[in-house]
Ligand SMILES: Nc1ncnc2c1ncn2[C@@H]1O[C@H](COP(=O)(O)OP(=O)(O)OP(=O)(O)O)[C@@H](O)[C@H]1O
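In the form predicted on its own, a lone chain appears below as structure tokens.
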């Protein structure tokens, strides 16, 4: 039996009287790939940031988040890939230096070795002519390339779990596929545990072995991705599946409305 790596038990997150996460429990084994899916405002990003330890100070947290009995360190144990790469990269700092700083901080390498590692990581995320781009600034790259650089920085501390929070939602469809394929390849090759946050059920099915559906801060359904998509039980899950756009679906039947009140 695979040992549990991440164990979330009875987690509640609130901001004053506003409840963002309500009594959530989930488990991940080492190497598992779990997708958190739900519409905007469902609480999926709040849950992911609670696990990463990145919630703001005003958040009130109850319950437990346990990483194999120890306290994880952001960067070396947990890597985070955010939705907006421009917001996670320093605009006035060379990309090679940004990645090298993470390497130095968490792996204890010298500056020269860290820069070499930064070039290797840029090459690994498929930035063309990686070595010569170490001294470039974020604004010199396209949106898709900046997200690849952010991914390199998230992996620079050699984390064991990667949290990807809507990493492709700001990109066009073609670039989305490139990033998702690259992410899947790196997670598989590196044996990483993946927590993938998305509102796109198609991306969830591609990236994850398991899916947890979040509605109004609660996990309303969870299970193996294939079975959950074939046999959804909760009305909200069924509604999410029905919103998936496919080229072979008639235009008039795309994007049905989800009756939120009817799912109470």
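Numbering follows the first chain given and starts at 1. Fair warning: this is a prediction, and the values are worked out from it, not measured in the lab.
The same protein also has a form predicted in complex with the ligand, omitted here; what follows describes it.
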item	value
Among 37-45, 223-231, 62-70, 205-213, the region lying within 4.5 Å of the ligand in the predicted bound form by heavy atom distance	37-45
Contact test in the predicted bound form: residue 11 vs the ligand, heavy atoms, 4.5 Å	no
4.5 angstroms heavy atom contact with the ligand in the predicted bound form for residue 240	no
Touches the ligand in the predicted bound form: residue 20 (any heavy atom, 4.5 Å)	yes
Residues within stretch 50-86 having a non-hydrogen atom within 4.5 Å of the ligand in the predicted bound form	56, 58
